[in-house]
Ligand code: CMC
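The form predicted on its own is given below as one chain in structure tokens.
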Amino acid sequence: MTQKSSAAPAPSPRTVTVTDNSTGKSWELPVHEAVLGPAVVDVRQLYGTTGLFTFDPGFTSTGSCESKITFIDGDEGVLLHRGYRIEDLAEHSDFMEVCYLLLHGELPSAAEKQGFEQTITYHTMLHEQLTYFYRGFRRDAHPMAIMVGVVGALSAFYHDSTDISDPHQRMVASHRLIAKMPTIAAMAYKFSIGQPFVYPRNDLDYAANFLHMTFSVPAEAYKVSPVLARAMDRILILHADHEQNASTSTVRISGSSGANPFACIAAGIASLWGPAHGGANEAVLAMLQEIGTKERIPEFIERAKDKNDPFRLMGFGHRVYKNYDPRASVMRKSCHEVLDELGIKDEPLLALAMELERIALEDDYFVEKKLFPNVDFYSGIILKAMGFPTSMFTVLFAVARTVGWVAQWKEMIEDPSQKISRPRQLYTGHAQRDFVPLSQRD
């Protein structure tokens, strides 16, 4: 005799009810649960069902995709890559391992890591004809302008990795972008200061190789400091991906049309160039220059507290992290290691930054408002101490973020529900009107 199961029936899917107050008509919309973070209301059928669109300028309350790569909890100060805390990755891992994790979903075995590093290393050289692109720019061209142009031009040289329907070509393009971005960035810097290009070396790791290409010259040997190389590696890790920000969304939107991966990453670089996105650490140094001396810090602290004063302390607080930026504590440690290594704590601007940090961390107003120094505050100081001009700060951001863009692009291409992006609008212009011939207009 077969016994009937006494298991409880599966719970009904969660829904929300939308009601039109003018007609009293209601509709049920499905809700999709997240592993972490807020659930989302599925509005894909909203227009077909109700004749209405949602309105969300900046898409700040809209989930544009499903992703398994990065999770952020701004209220609690949490940043996870594939489930791993950013603090643990920055402390115990290196950038190549994080790249593998973002691309493949799991941390590599020793053999997988060695194979991946070798693949990236042997893709770092650029097609020699690409060097002629640099000569077409003015000598005072902004390095980000060069980055947009050269990265977009990669598709003209690597035809064997532009077929986005081929998984092998997608991966080859991903490897090429990660590998060549430091070379492109270092060449942009060298061009801007009139020095000869320095080719990559296969005996150096990713961060050390970038520093060598950036700062070495043919006239003398250059020894990469392990402390500076480790600090650069951490900067790359901490900026590798940050969920659906402006540049990542730009890459996804570009990719949704079927554009080749090099064009999509060039679009991401263009978005990152905006001062509201990638220019925050550059703004930190501009602020420090405005403050000028340690004696003026209290004056600017009071100005920052005044709601009627337009002055803002750059590098404190974060749009996403309402508690603290989990990357900042790691970057703070690296910052002090770099300053100790270089022995330049007495440099006026850097000394000013350290004093501002100390005062802000002890000021009741900033503690109460949780306006702690963020990753941009420390990264700007580190990069200046290393010798990078501010024009290169966003370029370094692009070098780090390339792996995140590539991972997000790859995930989007492989998503069966992916379709071309087509945001809607709330039209408030003229209704239809008759054309008036030029001779009859006042």
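Just count from 1 along the sequence shown to find any residue number. In this text, the rigid core denotes the largest set of C-alpha atoms whose superposition between the two forms falls within 1.5 Å. Since the model is a prediction, treat every value here as computed from it, not as a measurement.
FYI, the form predicted in complex with ligand CMC isn't displayed, but the following is about it.
S.K.: My question is simply whether residue 318 lines the interface with ligand CMC in the predicted complex - judged by any non-hydrogen atom within 4.5 Å.
M.R.: Residue 318: yes, in contact with ligand CMC in the predicted complex.
S.K.: Test of understanding: in the predicted complex, would residue 226 fall inside 4.5 Å of ligand CMC by heavy atoms?
M.R.: Close contact is absent here: in the predicted complex, residue 226 is far from ligand CMC, nothing within 4.5 Å, heavy atoms only.
S.K.: So, in the predicted complex, is residue 304 in contact with ligand CMC at a 4.5 angstroms heavy atom limit?
M.R.: Flag for residue 304 set to yes.
S.K.: Is residue 273 close enough to touch ligand CMC in the predicted complex, meaning at least one heavy atom pair within 4.5 Å?
M.R.: Looking in the predicted complex, residue contacts with ligand CMC do not include residue 273, since no heavy atom lies within 4.5 Å.
S.K.: Taking 4.5 angstroms as the heavy atom distance cut-off, pick the stretch from 142-150, 86-94, 335-343, 360-368 that is near ligand CMC in the predicted complex.
M.R.: Flagged stretch: 360-368.
S.K.: Taking 232, 380 and 393 as the candidate spot, are all three within 4.5 angstroms of ligand CMC in the predicted complex by heavy atoms?
M.R.: The answer is no: none of the three residues contacts the partner (heavy atom, 4.5 Å cut-off).
S.K.: Pick from 280, 356, 80, 120: which residue has any heavy atom within 4.5 angstroms of ligand CMC in the predicted complex?
M.R.: Looking at the other structure, the residue within range turns out to be 280.
S.K.: Could you work out which of 291, 313, 101, 172 is the residue within 4.5 angstroms of ligand CMC in the predicted complex, going by heavy atoms?
M.R.: Selected option: 313.
S.K.: Within 370-384, which residues come within 4.5 Å of ligand CMC in the predicted complex, counting heavy atoms only?
M.R.: Contacting residues: 371, 374, 375, 376.
S.K.: Kindly check if the Cα atom of residue 408 is displaced 2 angstroms or more between the shown form and the other one relative to the superposed rigid core.
M.R.: No; residue 408 is a residue whose C-alpha shifts by less than 2 Å between the shown form and the other one when the cores are overlaid.
S.K.: Using the core for the fit, does the CA position of residue 229 change by 2 Å or more between the shown form and the other one?
M.R.: Where the cores coincide, residue 229 shows only a C-alpha shift between the shown form and the other one that is less than 2 Å.
S.K.: Superposing on the rigid core, is the Cα displacement of residue 374 between the shown form and the other one 2 Å or more?
M.R.: Comparing the forms between the shown form and the other one, which are aligned on their rigid core, residue 374 does shift its C-alpha by 2 Å or more.
S.K.: Work out the direction of the Cα-Cα change for residue 369 and residue 244 in the predicted complex: closer or farther than in this form? It's 3 angstroms or more.
M.R.: Closer together, which means the C-alphas of residue 369 and residue 244 are at least 3 Å nearer in the predicted complex.
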